[in-house]
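In the form predicted alone, a lone chain appears below as structure tokens.
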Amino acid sequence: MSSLFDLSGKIALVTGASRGIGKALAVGLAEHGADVVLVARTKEALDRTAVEVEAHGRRTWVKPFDLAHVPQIPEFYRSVVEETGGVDILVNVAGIQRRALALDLTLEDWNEVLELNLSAVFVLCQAFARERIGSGKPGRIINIGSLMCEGHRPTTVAYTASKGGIRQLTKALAVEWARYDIRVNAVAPGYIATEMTQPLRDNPELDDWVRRRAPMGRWGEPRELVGAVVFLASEASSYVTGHILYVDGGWLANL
């Protein structure tokens, strides 16, 4: 049974790999046998992730790059393929949040969130699929969504729009690329303790609200997303595509 989840011989590219969910997923994929391409803006932080990945005996490629430069993504991805020989698993984690009520959100902030959280994901998926199709090899894409794939909280309008887009983008790409053996799925975390959610956890009222609404009574940890991503990256999910897997401590079920 364990061989179903074995990623030995596979190369995974993880964006946002310098911290939080991205770092946890990069290390988790390595624990299950994958070599990992680490992508984020800051080399120093990626180097720290690389140490943890390599502790599991896996190879890493540290590739500092700002995915907000969307037009440069195809060339960046070509350089990754040239260096690695090809990526089998793409995990899109990188994202940002700009908190403001809808009436107060600036167009600049709206564009910044949508560009990184949605447009960059699409262009990177496109580059990945073109290489996989051209080489005749299968591929696995896992996008990171959110509870905001399904609902909304005040002050997250741009983030909500971007994650709703991830939900539908995942389904659209899954339908178009299934014939090439490229499976496209998403993992949608609930409230996870990361740097992005630190302002919520620092607010006693919001922290209490999260804990009371979650049937499991707590915040999730980045590590708790590893199993879902490994499942979707491996042969254990060979007949799963276009699916949004919520890892939320029962949050949606409690609505």
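Quantities reported herein were computed from a predicted structural model and do not represent experimental measurements. Numbering starts at 1 and runs along the sequence shown.
Missing here is the form predicted in complex with D-gluconic acid; even so, the following discussion is about that form.
From the list Q126, Q72, T84, Q97, which entry has a heavy atom within 4.5 Å of D-gluconic acid in the model of the complex? Only one listed residue qualifies here, and that residue is Q97.
Which residue, M196, A68, A45, A214, has a heavy atom that falls within 4.5 Å of D-gluconic acid in the model of the complex? Checking each option against D-gluconic acid in the model of the complex, the one that comes within 4.5 Å is M196.
Should V80 be counted as a contact of D-gluconic acid in the model of the complex, where contact means heavy atoms within 4.5 Å? No - in the model of the complex, heavy atoms of V80 and D-gluconic acid never come within 4.5 Å of each other.
Closest heavy atom of M148 to D-gluconic acid in the model of the complex, within 4.5 Å or not? Yes, M148 lies within 4.5 Å of D-gluconic acid in the model of the complex.
Using heavy atoms and a 4.5 Å limit, would one call G190 a contact residue for D-gluconic acid in the model of the complex? Close contact exists here: in the model of the complex, G190 approaches D-gluconic acid to within 4.5 Å, heavy atoms only.
So in the model of the complex, does any heavy atom of R153 sit within 4.5 Å of D-gluconic acid? Yes - in the model of the complex, heavy atoms of R153 and D-gluconic acid come within 4.5 Å of each other.
Heavy atoms within 4.5 Å of D-gluconic acid in the model of the complex: which stretch in 45 to 53, 197 to 205, 225 to 233, 58 to 66 meets that? The contacting stretch here is 197 to 205.
With D-gluconic acid taken in the model of the complex, which residues across 162 to 183 come within 4.5 angstroms through any non-hydrogen atom? The stretch 162 to 183, when checked against D-gluconic acid in the model of the complex, contributes no residue at the 4.5 Å heavy-atom cut-off.
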